[in-house]
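Before any questions on binding or motion, here is one chain by itself as structure tokens, the form predicted alone.
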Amino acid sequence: MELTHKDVNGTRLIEAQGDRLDAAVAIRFKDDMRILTGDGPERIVLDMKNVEFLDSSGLGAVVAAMKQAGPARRLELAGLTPTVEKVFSLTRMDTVFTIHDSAESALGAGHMQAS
């Protein structure tokens, strides 16, 4: 899975380009996220609009990315597809992450909480 990024108004926007975040790509995803979140703004938004499938390994990779970003940075999610949103809801991870409807709404929200 390829990750692209850009910094917008003090936020690092990372876009997941692949349609699956599963065991086959989880380790590379974590490594790439570590590189992309190691420096830069303290607010990070991961746009997952292209991700149609997320398994437990993928969920673990997203949680690991949040942890490795450290206490000085916070990872927010955007653009969850219905299938991926269901995984976050069933595992109650939707209570751990700030989740935005889209990257655009996340960037427009600044530091406000979104549903």
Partner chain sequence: MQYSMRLGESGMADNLSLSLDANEMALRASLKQVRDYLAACGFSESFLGNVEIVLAEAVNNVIEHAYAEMPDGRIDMRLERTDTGIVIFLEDEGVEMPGGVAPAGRPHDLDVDVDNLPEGGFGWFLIRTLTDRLEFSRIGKRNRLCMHMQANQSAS
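Positions refer to the first chain, counted from 1. All values reported here derive from a predicted model rather than from experimental measurement.
This protein has a second form, the form predicted together with the partner chain, left out of what is shown; the following refers to that one.
Colleague: Heavy atom within 4.5 Å of the partner chain in the predicted bound form: which of 34, 49, 74, 86?
Modeller: It is 86 that has a heavy atom within 4.5 Å of the partner.
Colleague: Taking 24, 60 and 64 as a possible spot, do all three reach the partner chain in the predicted bound form with a heavy atom inside 4.5 Å?
Modeller: Per the other structure, all of 24, 60 and 64 touch the partner chain.
Colleague: My question is simply whether residue 91 lines the interface with the partner chain in the predicted bound form - judged by any non-hydrogen atom within 4.5 Å.
Modeller: The answer is yes: residue 91 has a heavy atom within 4.5 Å of the partner chain.
Colleague: Is it the case that residue 55, even though its partner is missing from this view, gets within 4.5 Å of the partner chain in the predicted bound form, heavy atoms only?
Modeller: Looking in the predicted bound form, residue contacts with the partner chain include residue 55, since a heavy atom lies within 4.5 Å.
Colleague: Counting only non-hydrogen atoms and a 4.5 angstroms cut-off, does residue 43 reach the partner chain in the predicted bound form?
Modeller: No - in the predicted bound form, heavy atoms of residue 43 and the partner chain never come within 4.5 Å of each other.
Colleague: Under a 4.5 Å heavy atom criterion, is residue 12 part of the interface with the partner chain in the predicted bound form?
Modeller: Result no; residue 12 lies far from the partner chain in the predicted bound form.
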